[in-house]
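One protein chain, two forms: both are listed below as structure tokens, the first as structure 1 and the second as structure 2.
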Structure 1
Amino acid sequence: MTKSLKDKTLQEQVYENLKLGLLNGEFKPGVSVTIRGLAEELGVSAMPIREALRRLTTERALVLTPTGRVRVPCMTRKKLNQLVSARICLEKQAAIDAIPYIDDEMIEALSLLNDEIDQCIERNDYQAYLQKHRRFHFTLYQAAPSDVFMPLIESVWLQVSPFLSLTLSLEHLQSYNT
């Protein structure tokens, strides 16, 4: 577990950890995560895990089965359409709001990220591509600090990421041909 000690509570650390894992595609759609399993894996008790999972479930990054078990959600065609639709309207607005805050320094940073993205594509490093790609977008949106749009956008990304990362192992994609 990557401890960033500035985070106060254990629950917060676990949450950040799992969130990053989700965004980086370390959890495949359909697999179920258990409290005790993660507790042992991360070396903490059940409580911080419970609360972190509850948080991620609230953000729709994870879903609850009818019996209360937690799993990484699977993608459907309809849901993907809605997520794309949500991304478009939310991030369009976030980008517009960011415009006044864009200075030369930020353009420099974004330009660098864009170059790095190109390099990732050249060496077919899709894993790194997804991370740089995410960083590019979030850097832009965070230019205009917004406690309203950022959580909404993050929730959408958390819902898309596990599916998007499936392209890292293309053989699984056939499950989604409906």
Structure 2
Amino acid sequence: MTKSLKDKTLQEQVYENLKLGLLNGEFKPGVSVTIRGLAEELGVSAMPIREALRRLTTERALVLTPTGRVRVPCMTRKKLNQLVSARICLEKQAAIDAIPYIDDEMIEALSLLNDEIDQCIERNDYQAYLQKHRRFHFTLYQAAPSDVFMPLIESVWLQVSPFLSLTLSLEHLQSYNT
């Protein structure tokens, strides 16, 4: 059972907020994040930020540098290839597992999301595109009950999403539009 935001502890809320920021491409690869800066931005003390950064570092969404700074990891060709391979394996199976659970309501929801994705492309709104794209995929995969696939898929998306936001420049989206 998923807790509503109001039922979550402050630490959980901060973690979810930062995780969503990473998934939405709000943090760019190679950029350092500071406890003080994030605390000011979110209006909280350093403690829940520190805990969220620790969790996100453990999940490989962030890295700890030798100097003790936390930053968004840079992407390498090798890492991107591995993440793409992981996505293909995990998401293919999650989609296959979801098939028995797909009904007319799910098809309608996915169709609506697909239309919204097209509208984002037409508007050159890559931030909204990333959000709708992820929502489309996660809606499909979450149709099948699984305690294994979704955390693994989310972990891969956390690692690749900051990089995706860089690759989706306005010119890139416009190339889909022609």
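Heads up, when I say rigid core I mean the largest set of C-alphas that superpose within 1.5 Å between the two forms. Since the model is a prediction, treat every value here as computed from it, not as a measurement. Here, a residue number simply tells you its place in the sequence of structure 1, counted from 1.
Only structure 2 matches the form predicted alone. Here the rigid core is superposed, and Arg69 then shows its C-alpha moved by 2.4 angstrom between the two structures.
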